[in-house]
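This document starts with one chain, in the form predicted alone, laid out as structure tokens.
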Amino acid sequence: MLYRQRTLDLPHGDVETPILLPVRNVGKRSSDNTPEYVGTIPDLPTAMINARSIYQRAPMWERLQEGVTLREEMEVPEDTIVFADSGGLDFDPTGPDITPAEMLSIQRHLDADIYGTIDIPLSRENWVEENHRRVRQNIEYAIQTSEKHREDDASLLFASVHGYDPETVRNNIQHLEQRGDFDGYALGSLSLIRTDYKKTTRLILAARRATDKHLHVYGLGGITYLPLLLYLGVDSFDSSAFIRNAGNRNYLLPGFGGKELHNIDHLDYLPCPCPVCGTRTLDEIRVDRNLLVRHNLWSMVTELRRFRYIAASDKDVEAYLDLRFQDNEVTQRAYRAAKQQVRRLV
């Protein structure tokens, strides 16, 4: 397997990888409704934010200009690790409304630990011509950002990389290695093909093979994908799955994925012993979305902790994953395909 553990030395502290960065919607019009978890879940001192959304939310940006810190705005400790991406999904597909230099200035003002370069995700509808243009443009944005990233800036710079096939992903990273100075790479556009597990794992493996630097995956850290990402050597990933699933009243459970609560009857207590579920009945959690969001995040952390335990105890990781995916034919095929590819690499 390609699973690995490293330490990231960041301005607000060290972080042991692999690590999950929960997506915070701070700056969005729905406000930041992510439940409190920093300090409550001890191995999750991290957050993924959208720098563009914060910049465009005038009242919030004004407070930040006047001296309020981002972490005060988020009501988290000042040593919380923050990854600020460019908010690429919100850009007009024809081009961003901000320059790489301006985005870097915003990310610095937010005092982020990790910056993601400006990127425009690929299109599902026009997979070849338009996406070829976007791939080239994203590379240029990354190089322009690298040229502005000061040597005395301790925050890490990850180049955002998009590709429609393994060769494109591999060539993009190798090209950026030669033309820029990056601390790692963040692979995007995978959410478009998330149901195509085989293709997704091939793109991730292409990125993993192209660099030994930190590899982040944008928006693909849900409870089903999480063990696959770890197996493939991904160092960090962000996800809003715990919020989105709660919105659909899906109860996440390691090894089982999501289960709609309205389909569960005649059960007093749910099977999870996390701090949210341990002392509450099914009916209490069924009617409280915030409780469900908090539980779902605990489930994702539990999935990550289990994998770390298996790896640290020298148990057979592949045997664990065989068991983990045995009840889902689709993910089982994906894991088998990934295992064949990984075995050819190690």
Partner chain sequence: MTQHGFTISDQKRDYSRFGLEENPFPYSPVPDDEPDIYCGQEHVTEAVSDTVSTVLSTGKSKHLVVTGKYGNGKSHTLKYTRSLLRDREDVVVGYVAQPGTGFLDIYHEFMADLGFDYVQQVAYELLADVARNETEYNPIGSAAIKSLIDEGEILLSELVPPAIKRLSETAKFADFARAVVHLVYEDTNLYAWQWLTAEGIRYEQRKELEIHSALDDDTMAVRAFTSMKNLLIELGYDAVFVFIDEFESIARLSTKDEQTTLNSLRHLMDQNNSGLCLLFGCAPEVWQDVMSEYHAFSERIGREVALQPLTAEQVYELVEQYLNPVRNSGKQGIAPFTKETLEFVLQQSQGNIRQVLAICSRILDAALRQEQKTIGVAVAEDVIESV
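The structure displayed is predicted, hence computed values, not measured ones. Numbering follows the first chain given and starts at 1.
The same protein also exists as the form predicted together with its partner chain; that form is not shown, yet it is the one meant from here on.
Scanning Leu226, Ala246, Val135, Ala112 against its partner chain in the predicted complex with a 4.5 Å heavy atom cut-off leaves one residue, Val135. Residue in contact with its partner chain in the predicted complex (any heavy atom within 4.5 Å), chosen from Glu72, Glu260, Asp90, Asp165: Asp165. If you check its partner chain in the predicted complex, you find a heavy atom from every one of Val128, Asn171 and Arg202 within 4.5 Å.
The closest non-hydrogen atom of His175 lies within 4.5 Å of its partner chain in the predicted complex. Interface residue remark: Arg179 is counted as part of the site for its partner chain in the predicted complex, having a heavy atom within 4.5 Å. For the chain shown alone, Ile139 is a contact residue for its partner chain in the predicted complex, at least one non-hydrogen atom being within 4.5 angstroms.
Here the chain stands by itself, but in the predicted complex one stretch of 229-237, 194-202, 150-158, 93-101, 194-202, has heavy atoms within 4.5 Å of its partner chain.
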